[in-house]
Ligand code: NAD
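Only one chain is included here, represented as structure tokens and corresponding to the form predicted on its own.
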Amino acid sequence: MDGPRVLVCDPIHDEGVKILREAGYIVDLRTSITANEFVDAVGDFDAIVVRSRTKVTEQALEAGKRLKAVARAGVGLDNIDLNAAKQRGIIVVNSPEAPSNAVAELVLGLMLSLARRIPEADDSMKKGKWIKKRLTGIELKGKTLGIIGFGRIGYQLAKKAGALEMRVLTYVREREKFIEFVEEAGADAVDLDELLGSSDFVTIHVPLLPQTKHMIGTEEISAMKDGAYLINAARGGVIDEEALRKALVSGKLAGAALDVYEEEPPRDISLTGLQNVVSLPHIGAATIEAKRASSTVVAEKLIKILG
């Protein structure tokens, strides 16, 4: 008897595919599948694996008559219709534990890039310019880092920042639930207003939900220290990008670093094109280690679900 059938719709690390096949699963790799092809094919599978490209819509889930599980090799689930899956008894899993260190390291790199103006210095050298006198920066030692949201990434980042002798503040809605981890990481849990007003660097690590949409807007940016830096490697929609742009142009904020955007890729570069903005094309989880881990984690979760 054939084992469960799994459709892999987006590229994942070979190690996860190997785990599934060694467990007796039939794995069909269709990593360039279109939306229409996906809907036509999904009815033949017990599980599907996606990353961010493939949209798992209600129509696709309705077509998946034998579908038992959807696995997202990554963190966010905003490309999956969770309500439609729940209504049909389809289990949805992801791998938020896999890229935690990769994202934390990237944020640390972005902080250093902002503090020492590394991208600007590199760009000037590539253009044959020597602007040493214009590139005086700041040190991270002794500065305060504010982390909004304190899950796996926030925890990892807090420990790394502590090693650089930074003071770390965090804001988390369910403070009592996370206080043990906050203290273990050497951070202090505070209210959002205190975090914004006290931090030299503010970084956001929350999912994009209705209650977090534009949670950092004009009012919150106004509450930040003059000359502070804002970093977002979570989801683009948690920051009001127009409010951020105005704050950067006015000088309220000294700089920002962005790995995510409300529209990806962004067609309007009025924010990303600013000299005091470091922009990346959503590469937070783009390390060999994180990709391997995302693949193996979802493979092992699917095996637990499907048996």
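Keep in mind that what you see is a predicted model, and the values were worked out from it rather than measured. One-based numbering along the sequence shown.
The following text describes the form predicted together with the ligand, which does not appear among the structures shown.
Contact between residue 109 and the ligand in the model of the complex is not found at the 4.5 Å heavy atom cutoff.
Contact annotation for residue 9: none of its heavy atoms lies within 4.5 Å of the ligand in the model of the complex. The ligand is not shown here, but in the model of the complex it comes within 4.5 Å of a heavy atom of residue 151.
Proximity of residue 94 to the ligand in the model of the complex falls outside the 4.5 Å heavy atom cutoff.
None of 103, 80, 145, 196 but one reaches within 4.5 angstroms of the ligand in the model of the complex through a heavy atom, and that residue is 103. Contact with the ligand in the model of the complex, judged by any heavy atom within 4.5 Å, is made by just one of 253, 260, 27, 277: 260. Using a 4.5 Å heavy atom cutoff, 171, 233 and 284 all lie near the ligand in the model of the complex. Note that among 217 to 225, 113 to 121, 201 to 209, 126 to 134, the stretch whose heavy atoms approach the ligand to within 4.5 Å in the model of the complex is 201 to 209.
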